[in-house]
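There is one chain below, alone, in structure tokens, taken in the form predicted alone.
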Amino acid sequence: MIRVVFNQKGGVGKSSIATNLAAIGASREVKTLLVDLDPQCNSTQYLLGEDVTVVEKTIRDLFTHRGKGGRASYDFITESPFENLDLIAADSSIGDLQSKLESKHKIHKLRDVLRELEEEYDVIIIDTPPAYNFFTLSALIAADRCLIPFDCDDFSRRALYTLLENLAETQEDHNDDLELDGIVVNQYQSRARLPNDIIQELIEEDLPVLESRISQSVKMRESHSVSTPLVYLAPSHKLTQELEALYDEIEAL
């Protein structure tokens, strides 16, 4: 199963959610691959920390890869420090490949490679850049399911409608098998009125808001700073439990 974590707005927690979901799966002995398509390299940094400087192969090598023949031929895969969790690292310079890949009609390249890698992994999770571009579209074409992180403010709400239109267009034109896990509310403040009002309005509009809520917490920043996903850093913390509840909810869909 290939899942993409997608929102074309920045700062909504895509990398934090993608990395922690991947780590939760790995901690449950689910063989998991995390694919970092974001040139900001946040998921890569989150998993590897200082070791990111020694990564020789990245997502750039996936898009220029020519061979076939199983896991051994894919030397752009990096083992993370965590058992059952591998990574295709991001590359800050990948943007300069975009026009070349578009001109060569490589929009299905990511899908083709990941479909082969499904023989080696139970779950593949893709972290996407904060834009609707060639790489994001490649991820949506490759994926079976899509999870949308949502930060409860009015700007995020306006962007959400455009995002859903782009998603529907992708389903119609490129990937009619793509299903929406739903919208996960991130950096949730339960006592604040505005977030709860916005969530209720989205529900009344029949948008697929998930029951899971991911709270705002300094523990997430601590997790980033030590390059250790929460399930390993603080397994009993409330935020970890919320992320595990999200994992269970989307797996049950």
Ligand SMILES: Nc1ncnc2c1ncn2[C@@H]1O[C@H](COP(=O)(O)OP(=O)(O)O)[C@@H](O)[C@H]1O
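Given the structure is predicted, the values throughout are model-derived calculations rather than measurements. Just count from 1 along the sequence shown to find any residue number.
What follows is about the form predicted together with the named molecule, which we do not show.
For the candidate set Ser212, Thr228, Ser27, Asn42, a heavy atom within 4.5 Å of the named molecule in the predicted complex is found for exactly one residue, namely Asn42.
This chain is displayed without the named molecule, yet in the predicted complex the stretch 186-194 from 186-194, 27-35, 53-61, 201-209 comes within 4.5 Å of it by heavy atoms. Taking the partner from elsewhere, His224 is found to have a heavy atom lying within 4.5 Å of the named molecule in the predicted complex. In the predicted complex, the named molecule sits beyond 4.5 Å of every heavy atom of Leu233.
Contact check for Leu21: every heavy atom lies farther than 4.5 Å from the named molecule in the predicted complex.
In the predicted complex, the named molecule sits beyond 4.5 Å of every heavy atom of Leu47.
If you take 1-30 and check each residue for a heavy atom within 4.5 Å of the named molecule in the predicted complex, you get Lys9, Gly10, Gly11, Val12, Gly13, Lys14, Ser15, Ser16, in sequence order.
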